[in-house]
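Only one chain is included here, represented as structure tokens and corresponding to the form predicted on its own.
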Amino acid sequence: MQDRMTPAERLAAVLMGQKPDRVPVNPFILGFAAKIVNLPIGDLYADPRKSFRAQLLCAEMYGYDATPMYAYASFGAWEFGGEVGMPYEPGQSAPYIIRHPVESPEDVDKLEVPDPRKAGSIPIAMEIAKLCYENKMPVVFQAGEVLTTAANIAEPARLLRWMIRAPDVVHKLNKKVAEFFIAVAEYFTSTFGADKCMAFTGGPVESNKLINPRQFGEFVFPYMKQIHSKVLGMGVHVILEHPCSDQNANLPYYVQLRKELGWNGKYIWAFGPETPLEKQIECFGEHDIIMGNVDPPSFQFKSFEDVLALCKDNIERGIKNPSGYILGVGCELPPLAPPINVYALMKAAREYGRYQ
């Protein structure tokens, strides 16, 4: 079936609370785009022009509705003075940490909040953002999460121990991370205008596989609220929030966040596949867009027919959200997924996701 809207028109319709021709598709594709254009995955993260081109061509080839962006799970170590490696070797799919900048509480005391104009991957992200802006696409900047970033700075196991034995050290580090994310938001919004920007936040360390809800309330929620409040105060209208992995026990805090901020913009909630769409609609459907959460490993290991069925099921459940729905993947789409399985997203959206 032929689309009647462009990707930009389709996303704008959803953000304005209108019905597009079909459900939009955001497959959360990064490394897979490099594979499609025969580019080393390392170049996707090291070369902004090659990254932009690979992501743009992949989106054009499949017809999905996402635009280029720059983000990776190990964010924070490089930006605060550590070292990362780029994924050029077989089996590597994203930047990985070689050296953490913090190894002791004394290191946290000495740690300085970096200038975002020079910090780690931010100059690369800014170059991709400039290309998006020149092509009249949304500019996406990374604005969290604080605890995942702190774990990348200090090393996850060490940070988790400190949360029990030295919580004041974790708070001290979190405050510096929050200050940095607010500075990043100011850098991007002052460069392009807040109305052209979308904030992206998310991280796995906040997951209930690693911390409990009480710890989330102490070490995550206050800093999340601080950053989101500042970002929204700058005039940003959309936050793409990705609570990675199983965060079902943290849902009350996300609901509280939405309620206490009390703003008229939109969250796009992109929970992992562990959180049912029905629960997300119950929590956020009155105000916000729900991004579908098809199981990521299925794209690599299951058949086209199985993936198509998963996408169809996701559409039938998510399209009921009164404030809008986007078909998506519950985390980054695996770079080694068979190309035909990615087509299942588009086939499902066009066959099962049309609005009357």
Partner chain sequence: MKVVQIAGFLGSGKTTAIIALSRSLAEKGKKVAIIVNEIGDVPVDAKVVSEYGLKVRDIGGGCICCELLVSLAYTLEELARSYSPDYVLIEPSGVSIPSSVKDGIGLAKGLNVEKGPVIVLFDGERGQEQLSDEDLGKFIKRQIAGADIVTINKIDAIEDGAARSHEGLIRTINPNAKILRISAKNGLGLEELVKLII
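Just so you know, these numbers come straight off a predicted model, no measurement behind them. Residue numbers count along the first chain shown, from 1.
One more form of this protein should be noted, the form predicted in complex with the partner chain, which is absent from this view; the next part is about it.
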Original post:
Taking heavy atoms and a 4.5 Å cut-off, does residue 323 contact the partner chain in the predicted bound form?
Top reply: no
Subject >> Contact flag, residue 228 vs the partner chain in the predicted bound form, heavy atom cut 4.5 Å >> reply: no
Original post:
Is there a non-hydrogen atom of residue 262 within 4.5 angstroms of a non-hydrogen atom of the partner chain in the predicted bound form?
Top reply: no
Original post:
So in the predicted bound form, does residue 310 come within 4.5 Å of the partner chain, heavy atom to heavy atom?
Top reply: no
Subject >> Residue stretch of 239-247, 275-283, 262-270, 189-197 approaching the partner chain in the predicted bound form, non-hydrogen atom distance within 4.5 Å >> reply: 239-247
Original post:
Only one of 135, 104, 256, 212 has a non-hydrogen atom within 4.5 angstroms of the partner chain in the predicted bound form; which is it?
Top reply: 212
Original post:
Do all of 4, 51 and 124 end up near the partner chain in the predicted bound form, with near meaning a heavy atom within 4.5 Å?
Top reply: no
Original post:
Along 150-164, which positions have a non-hydrogen atom within 4.5 Å of the partner chain in the predicted bound form?
Top reply: 155, 156, 157, 158, 160, 161, 164
